Ligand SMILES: Cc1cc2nc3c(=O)[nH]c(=O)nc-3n(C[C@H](O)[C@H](O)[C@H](O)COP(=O)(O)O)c2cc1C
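One chain follows as structure tokens, the form predicted on its own.
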């Protein structure tokens, strides 16, 4: 576990899963103050001034280490990375694109990165392209998914661990101490938590979204098609499985909230979440 913790600088190897529509300095700082690694979601940010504003807001609330996620398809990535380096952020997460071009710049700036992958093939390719660690996301996870056949966390994490020589972070199906311990037993050095942190008191998600997670059963999530990718969402009373949802409308749908416009995201682990809690309590239970 030491190698990942050395990268993060946090007390615990518990990473906040970044969600673009839910950026909150309060939540990022709460995760950091509780010993985890808070993360800003900068995937859809369109100017560096917005990056500076968000980083400044977090730094006003905590002196603990935190990071950010960038989507590699965003043409602003090099400029965002430089701004983060100027602020002293040492570790960031990358996703949705090839890490080949950005990681040399990150390393030149003294930074390290964790690249998100959904398969063994992409895990190996990411390490070959310079990734310092991997976030390995099983099929039960919320968020964006591929259109191909995917493996569950229980299978994918040890498979990747066996085939790469960098720290692995497990994501998908983890919400409490049982999932945390299981991830470490599979060979992961840490975990990334998304859905459980949405249903936290500090989360900026609308109350209706949090309550849908808490009330979810074992068949309450499904995958919707977004063209060349999928997303796992929570089915609500007026959910329309035949509708063609547009990812560009997710921000409006999630914050309004207008879940007929775009349904709320959530992993299968929603079925295990029964209460909205402070981030500190979530993390303390996880490492207990």
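Quantities reported herein were computed from a predicted structural model and do not represent experimental measurements. Numbering follows the first chain given and starts at 1.
The next section is about a form of this same protein that is not shown, the form predicted in complex with the named molecule.
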Checklist entry - How about residue 266: is it within 4.5 Å of the named molecule in the predicted bound form, going by heavy atoms? => result yes
Checklist entry - So, in the predicted bound form, is residue 20 in contact with the named molecule at a 4.5 angstroms heavy atom limit? => result yes
Next on the checklist: Is residue 194 part of the interface with the named molecule in the predicted bound form - any heavy atom within 4.5 Å?
Outcome noted: yes
Next on the checklist: When the contact criterion is heavy atoms within 4.5 Å, does residue 95 count as touching the named molecule in the predicted bound form?
Outcome noted: yes
Next on the checklist: the named molecule is absent from this chain, but in the predicted bound form, do 142, 174 and 209 each have a non-hydrogen atom within 4.5 Å of it?
Outcome noted: yes
Checklist entry - Only one of 134, 183, 160, 198 has a non-hydrogen atom within 4.5 angstroms of the named molecule in the predicted bound form; which is it? => result 198
Checklist entry - Out of 89, 106, 71, 205, which one falls within 4.5 Å of the named molecule in the predicted bound form, going by heavy atoms? => result 71
Next on the checklist: Among the candidate stretches 142-150, 160-168, 74-82, 120-128, which one is within 4.5 Å of the named molecule in the predicted bound form when only heavy atoms are counted?
Outcome noted: 142-150
Checklist outcome for this item: Of the residues spanning 232-254, the ones with some heavy atom within 4.5 Å of the named molecule in the predicted bound form are 254
